[in-house]
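Starting off, we have a lone chain in the form predicted alone, written out as structure tokens.
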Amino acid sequence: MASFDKDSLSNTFIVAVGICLVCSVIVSGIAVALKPQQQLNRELDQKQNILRAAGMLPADSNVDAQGRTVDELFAEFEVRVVDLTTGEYLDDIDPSTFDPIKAARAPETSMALSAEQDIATLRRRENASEVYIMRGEQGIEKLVLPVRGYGLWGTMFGYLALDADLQTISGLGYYNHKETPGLGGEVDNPRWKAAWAGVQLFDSAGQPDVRLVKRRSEASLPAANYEVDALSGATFTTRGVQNMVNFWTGELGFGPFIQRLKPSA
């Protein structure tokens, strides 16, 4: 009768495979069990970024000055999907399941951008996107738009918030980017982000005219209303931010929707 050799190559291989299978089952089980919590965390992070862009939530807190939670504050927003070409609402699309980034990748739900059109370096633009609207007794109080565009090292993803006049920027914030810390990464600097509040978006002809400049114009000059400080030593990131804001508020972005919302439109 042959003796059992526990140190043989075949037995070592069987034990290794068995351990791998057991570990795979455990890891898969944990991943499945944690998936609902991960989804909730993603949704919470999205809400926080929207609220912070709108100036409704401090950067270092999960509650506002009155102690209201993220969910309480976000409940004030109406989430809709809009057709970017016509500016009309698309009531047949559920905002809770719609993914604009995924839509931008599919030819049937997006459009290719020419080099002249593609100032934000997107390649393709989705046909529809989400908007976040907060209404009050006098009408719209805040409008938050998802924006993205290429910086130096990759695409920057964020939210642009407008005040009730749909002309004045309330805030701009990024939740995902690959910019260099200390240079382009200064898009996360609270002081730089705070400088966006009050900047005017559209010129007298109704065209987006935000400019990031090394030297601001005199406060008495009309040009100063459209200017934000450039990021020192980060030319490509600065250009990317400017192009991103002007693209997404222009004719190919949310421009038609914004114009439909304005009383004079």
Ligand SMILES: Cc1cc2nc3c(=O)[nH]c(=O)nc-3n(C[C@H](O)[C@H](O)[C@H](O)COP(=O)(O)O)c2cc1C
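Note that the coordinates shown come from a computational prediction; the quantities given were computed from them, not determined experimentally. Residue numbers run from 1 along the displayed sequence.
Absent from the display: the form predicted in complex with this ligand. The rest refers to it.
For the options F157, F98, W153, W192, the residue carrying a heavy atom within 4.5 angstroms of this ligand in the predicted bound form is W153. Distance criterion of 4.5 Å from any heavy atom to this ligand in the predicted bound form singles out T180 from the list T121, T180, N127, Q167. Considering this ligand in the predicted bound form, the lone stretch of 141-149, 113-121, 183-191, 99-107 in range is 183-191 [heavy atom distance within 4.5 Å].
Residue contact with this ligand in the predicted bound form: F236 places a heavy atom within 4.5 Å of it. Under a 4.5 angstroms non-hydrogen atom cutoff, this ligand in the predicted bound form has K214 among its neighbouring residues. Contact annotation for 90-109: no residue has a non-hydrogen atom within 4.5 angstroms of this ligand in the predicted bound form.
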